[in-house]
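Only one chain is given next, in structure tokens, and it is the form predicted alone.
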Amino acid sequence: MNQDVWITGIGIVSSLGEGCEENWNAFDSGSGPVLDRETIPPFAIHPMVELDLSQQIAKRGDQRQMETWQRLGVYAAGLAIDNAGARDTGLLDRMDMIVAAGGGERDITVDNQILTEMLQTNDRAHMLIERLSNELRPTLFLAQLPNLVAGNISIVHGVRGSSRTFMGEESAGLDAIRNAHARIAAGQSDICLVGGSFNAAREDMLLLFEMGGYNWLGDEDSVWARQQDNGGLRLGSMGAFLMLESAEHARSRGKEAVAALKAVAADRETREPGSITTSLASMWQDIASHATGSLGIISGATGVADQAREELDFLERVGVPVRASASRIGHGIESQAPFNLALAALCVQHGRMFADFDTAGVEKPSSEAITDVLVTNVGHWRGEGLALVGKADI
């Protein structure tokens, strides 16, 4: 069995707006990104647009017991359910769900205390063991597993089918999509809610990326133009969920497709010089036959220079209009691939790419009609992937 997989609902929130229309209009306007340089200086982040959480999370008690990234995920999931016209209880009872997310938000006060004390002692190992034993209880992490995003979606929205959670940076988001696509194509599922969320206003995440040398502190906001000091990324708050559905199931309930998810491929290279280009080219060779019309590309480039240069080698071989979403909304780690798939579906729906935003000459104006959009997903450290979205066969 090889069923067609349709995208029948989209729920997205970002620094540019809430929902499909606001985000599409913002991307298509060509305007610059929204940046917050004041909350966690010297880092700039792409903050979440102000949301009325009660629109998707009615109970204040439910809102209070969630952390920010969970609220964003539950909110975006609700938007996708509404957009798909899938609030029917009988449908929700058997709707599957796959969530891609990172770990829970840390106790920043305790982290700061430990880091300060480490600068004041010569026996850091002993001090660290003692503080971890006394300050961080095992329940701290257990209470903040990313499974709670799926759990809260089930509680708030009534999604009660099977549930899976993926962790592991950018690859988790793509693998969540890949798993959902494969299950529906194989007839193991009729309808699946899949996506992720990320809160950029987290000192702990900024610290981790800074220690790895990945944060971008320059003024240039186009990911393609960040060549100085090996470039870097700006974190962006976002939530993105897609309703994936077999074409047969969607037709049976009278639901039209936004677009079709035609193919998904993933890889994990050791990042030797040239390995990203080779990996992307190999995956494209496997799925290129699914692209039957004019093509555009939405890149998941983070802004890290070495990875961007190798991805560009691949993009130049394909030779079609390119857009990078992170220049506008920042990088959302696990949620980046679902968001880019949502953008790709909107491009297919509108029949064209949104406006370019780049000073490096990679992105060029294009008014050409498109029927297919290739999404790239190159992790800041590991993981490569491609997904192809196109017009649904009505």
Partner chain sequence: MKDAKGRPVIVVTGTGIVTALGEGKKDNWDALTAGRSGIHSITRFPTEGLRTTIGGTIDFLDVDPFNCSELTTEMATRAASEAVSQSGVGAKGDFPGPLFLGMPPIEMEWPMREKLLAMAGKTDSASYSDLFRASRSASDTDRVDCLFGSVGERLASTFGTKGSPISLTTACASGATAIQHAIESIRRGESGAALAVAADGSMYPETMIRFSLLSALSTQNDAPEKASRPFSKNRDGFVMAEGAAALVIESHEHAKARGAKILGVIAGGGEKSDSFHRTRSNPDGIAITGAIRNALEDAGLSPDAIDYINAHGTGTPENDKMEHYAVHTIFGERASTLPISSNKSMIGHTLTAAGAIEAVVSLLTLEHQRIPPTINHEIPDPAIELDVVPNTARDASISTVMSNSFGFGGQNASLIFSAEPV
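Bear in mind that the values here come from a model prediction, so they are computed numbers and not experimental data. Numbering follows the first chain given and starts at 1. For the two forms, the rigid core is made up of the largest set of C-alpha atoms that agree within 1.5 Å on superposition.
The same protein has a further form, the form predicted together with the partner chain, not shown here; the description that follows concerns it.
Answer option from Q227, T278, S154, S294, heavy atom within 4.5 Å of the partner chain in the model of the complex: Exactly one listed residue reaches within 4.5 Å, namely S154.
The unique member of A305, L206, A247, L312 whose heavy atoms fall within 4.5 Å of the partner chain in the model of the complex: Flagged contact: L206.
In the model of the complex, N122 touching the partner chain (heavy atom, 4.5 Å): Although the partner chain is absent here, N122 would stay clear of it in the model of the complex, with no heavy atoms inside 4.5 Å.
A355, heavy atom within 4.5 angstroms of the partner chain in the model of the complex: A355: no, not in contact with the partner chain in the model of the complex.
Contact test in the model of the complex: R253 vs the partner chain, heavy atoms, 4.5 Å: R253 lies outside the contact set for the partner chain.
4.5 angstroms heavy atom contact with the partner chain in the model of the complex for N147: Heavy-atom contact with the partner chain at 4.5 Å: present for N147.
In the model of the complex, segment of 77-85, 284-292, 319-327, 112-120 with a heavy atom within 4.5 Å of the partner chain: Answer to the contact question: 112-120.
Residues within 4.5 Å of the partner chain in the model of the complex, restricted to 205-221 and counted by heavy atom: The stretch 205-221, when checked against the partner chain in the model of the complex, contributes L206, L207, L208, E210, M211, G212, G213, Y214, N215, L217 at the 4.5 Å heavy-atom cut-off.
After fitting the core, Q120 CA displacement of 2 Å or more between this form and the one not shown: Shift at Q120: 2 Å or more after core fit.
Did E169 shift 2 Å or more between this form and the one not shown, C-alpha, core superposed: Comparing forms between this form and the one not shown, the E169 CA shifts below 2 Å.
Shift of D111 between this form and the one not shown at or above 2 Å (CA, core fit): Where the cores coincide, D111 still shows a C-alpha shift between this form and the one not shown that is 2 Å or more.
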